[in-house]
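Shown here is one chain on its own, the form predicted alone, set out as structure tokens.
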């Protein structure tokens, strides 16, 4: 069994506060027995204030949140996925970067969000992540004591081919740290995460931002753990806190034996008639 803790929080424009709150939740999860703890997307900074973003977001080597979380992972001797931190890239644009830290505090994997959230939701609600961020170009499969783990972030969840590739490469754990909007979350969050779990015969771990972040920004919450059969094992609801669950990793092989769709993938063409 793998004891897992998902952190659900309401990050804002105060990086110091966000580091403190996230660290308190991580410590609480560890105190409850979690060996692998995950935080949501943009753990360290979630604000609509572009001037503040430009002032606070720095290159990875200078990022105070990453340094703090590396020390925390080493102090607690746990595996820690920081869902993402906004990092200043070499191009001058930001990167939405996930970090997998080992019990020594070393960075074992980095993943830059590939699919950027450029959408028009109607009623004046629009998002253009690409105005400030550049997308990643590589899927990242990380080795852990529990087998390969496939990394992704938020809007990536709408692109099933990414997760299928991870599953075909052996991943039985898929991470989807997120900051879903309330409108898309209510409509699609549970359905998308359950679908990715079912299609891949894998556990999906999705720690989420929740609540009112100020400046007109709000998120859906409902951090989820979904098993390889598509069952929701835990739902964080709408309040900040920690979601705890134990994963029976044998469920991956069991689900894939019952529905061996990963062995049935075929190349095909689409004919236009």
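Just so it is clear, the model here is predicted, and its values are computed rather than measured. Numbering follows the first chain given and starts at 1.
Another form exists, predicted in complex with a small molecule; not displayed. Remarks below refer to it.
Every member of the trio 46, 158 and 179 reaches the small molecule in the model of the complex with some non-hydrogen atom inside 4.5 Å. At least one heavy atom of residue 154 is located within 4.5 Å of the small molecule in the model of the complex. Residue contact with the small molecule in the model of the complex: residue 175 places no heavy atom within 4.5 Å of it. Interface residue remark: residue 96 is counted as part of the site for the small molecule in the model of the complex, having a heavy atom within 4.5 Å. Proximity of residue 117 to the small molecule in the model of the complex: non-hydrogen atoms within 4.5 Å are present.
The stretch in contact with the small molecule in the model of the complex, judged by heavy atoms within 4.5 Å, is 109-117, chosen from 141-149, 163-171, 109-117, 71-79.
Though the small molecule is absent from this view, in the model of the complex it lies within 4.5 Å of a heavy atom of just one residue from 42, 66, 242, 247, which is 42.
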